[in-house]
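Just one chain follows, in the form predicted on its own, and it is written as C-alpha cells.
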C-alpha cells in the first residue's frame, strides 16, 4: 500500500488534480497561491479564489488563545491574495468543533477573524458549522474571493533564469510563536505591482526550503541561494530560516536591472521592513537540495 507519507504533499496534489475536470483555459490553476478566474476581456479585474484550513495540533495548540487562532486563520488567506498582487473581499468560514468546546472560545475565534477582516477591508459572507467527535481536533476552514487588476496579477511561473531573488522581512522563528503574530504583506504587494512588478512571487508558508524550489520549478528554472544573505529573525539560525515555515513573507523574483532602483525606493517607503537579495534563478537543474520545510504527510517524531 502506498501511503500519503510515502509520496508527500506535492505529489499528492499532482495526483488529485489529474482526477477531476479542470478549466481548459485557466488564468491560473492549481499550483499558485490563489486560483484565478477571468470574467472576460471587458472586465478590468480578475477574480481570485482561495481556501485554507487550520487544524488543532497542527497549526495551533490547545492553549493557543482563540483570538490569535482566528487572526491566523484569516491572515493566512490574506497573505495568499497579497502574493498574487490582489486584495481580499468576501470570506466564508467553516468551523468543525467537538461539542464540548467552550462557547467563549468560539466567540474569541470569530473576534480574531473579525480583527483581520476589518484590518484588510474584507467582510464575512457566510459559512458553515459542524461537529466532530469528542476529543477530535478542531478544524477552521476558510474560503475567500478577492480581486486583482488584470495588469497587476503576479504568478509563480513567469520568472526567467538570471532574475534576482528577494525576500521581505526576516525568516525563522515560527516555532516560537511568530506564526500567530504575522502581518500579511498586502500593502507592500499593492505598492510593488504598481511600481516594480515582480516577475514571480509567492508567500513563504511552508519554509524557504520548500517554497523556493516550488517558485523556481513553476518558472522552469533552477536557483542559486546565498545562505549567508538570509535575513534571520532574532534567535533563529539559517536552518530555522529554511525550515521553520509559516513566515508569510514574500519571496519574489525581479529582473536584475530593476533591483537597485527597487531597493532604493523600498527603503524610502517601507523603512521598517527589510527587503533582502538572497540569490538568483538559474537554468533548470541548477540548485542545491534544501533540507527542512513543512510537508503535512512527512514522518515526524
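Since the structure is predicted, the reported quantities are computational estimates derived from the model, not experimental observations. Positions refer to the first chain, counted from 1.
The same protein also has a form predicted together with another copy of the chain, omitted here; what follows describes it.
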Verify the flagged residues 99, 114 and 134 against another copy of the chain in the predicted bound form: is each one within 4.5 Å by a non-hydrogen atom?
-> yes
Is residue 21 a contact residue for another copy of the chain in the predicted bound form, using a 4.5 Å heavy atom cut-off?
-> yes
Answer with yes or no whether residue 13 is in contact with another copy of the chain in the predicted bound form, where contact means some heavy atom within 4.5 Å.
-> yes
Would you check, heavy atoms only and a 4.5 Å threshold, whether residue 52 touches another copy of the chain in the predicted bound form?
-> yes
Indicate whether another copy of the chain has at least one heavy atom within 4.5 Å of a heavy atom of residue 199 in the predicted bound form.
-> no
Exactly one listed stretch (32 to 40, 252 to 260, 266 to 274, 238 to 246) reaches within 4.5 angstroms of another copy of the chain in the predicted bound form by non-hydrogen atoms, and it is 32 to 40
In the predicted bound form, the one of 180, 193, 95, 225 near another copy of the chain [non-hydrogen atom within 4.5 angstroms] | 95
Heavy atoms within 4.5 Å of another copy of the chain in the predicted bound form is the criterion; list the residues of 140 to 174 that meet it.
-> 141, 143, 145
